[in-house]
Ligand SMILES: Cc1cc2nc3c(=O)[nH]c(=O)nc-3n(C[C@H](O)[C@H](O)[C@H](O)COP(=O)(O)O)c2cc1C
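A lone chain, given as structure tokens: the form predicted on its own.
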């Protein structure tokens, strides 16, 4: 039975500003996973990463920072740094399917080298300053690649193994291999969390019915496309038009305060609307205009058109990738 909902890290979207506004306006998530940062060889925190990580920019939310690296020393340095900042868990990203990431052997690209991954884990789990959780895919090309990987995971005290049951080459499309997840849930010696294509209350209910032993899920794109999704799962109401309008207004203003400029704020809002538009009927036409829009004035005009003309659904529909 689902007892915990984690908010997935979406690079470029679920950063500090978004998390705080979303939490104030909707909530319902138990933990928020921060988009990954990659430690530098010099073990220096960049200004951009520091703004995301420092507690004063995170409003006391229950956060889990995510690190992406294939070097144990870099991960251990990051874990110590995060522990000093007050974090109580660090997450290793073995799920990102981006070609620019996997070409460096990071993210899900690390899954192609299980022996190297095993050595990495041996160093990390013997010395890490914090509990370590892992977000993983099934492999690179074939879901059957997962079973040797699970043997590795089972040898170490992974705080939570979040499984996105696709392989790297699928990115975010195609079959979610629920049969593999079912076997993994039974075979894992560590706590398991599910991630993948949970967009509606019906999706969550169907997942719970099929996997009653699963206690945790991670939602990402679905909770950006329908900010009230976790709240609805807990018995709360769907988002209203006024509530969404207040949410986007506060988010836009908060981005402006964060960046000190209106155009970068508008660009961030366009990225949010890539998902949120699926909560409105007939949003495809305006979505295309939003993607082509230039500058804050045009963005503001198109957002106003969405709220003034498009019917609101009670759940998101359409392709989120």
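What you see is a predicted model; the values in this text were computed from it and never measured. Numbering follows the first chain given and starts at 1.
The next section is about a form of this same protein that is not shown, the form predicted together with the named molecule.
Original post:
From the list 302, 16, 310, 10, which entry has a heavy atom within 4.5 Å of the named molecule in the predicted bound form?
Top reply: Here the answer is residue option 10.
Subject >> Answer option from 145, 89, 197, 74, heavy atom within 4.5 Å of the named molecule in the predicted bound form >> reply: Going through each option in turn, the one that passes is 197.
Original post:
Taking heavy atoms and a 4.5 Å cut-off, does residue 273 contact the named molecule in the predicted bound form?
Top reply: So residue 273 does not count as contacting the named molecule.
Original post:
Using 4.5 Å between non-hydrogen atoms, is residue 106 touching the named molecule in the predicted bound form?
Top reply: Answer no; every heavy atom of residue 106 is more than 4.5 Å from the named molecule in the predicted bound form.
Original post:
With the partner left out of view, is residue 221 within 4.5 angstroms of the named molecule in the predicted bound form by any non-hydrogen atom?
Top reply: Residue 221 belongs to the contact set for the named molecule.
**OP:** Verify the contact flag for residue 35: yes if a non-hydrogen atom of it lies within 4.5 Å of a non-hydrogen atom of the named molecule in the predicted bound form, no if not.
**Re:** Contact with the named molecule, yes.
Original post:
Which one of these stretches, 257-265, 290-298, 57-65, 35-43, sits within 4.5 Å of the named molecule in the predicted bound form when only heavy atoms are counted?
Top reply: That would be stretch 35-43.
Original post:
If you look in the predicted bound form, which residues in 135-164 sit within 4.5 Å of the named molecule (heavy atoms)?
Top reply: 135, 164, in sequence order.
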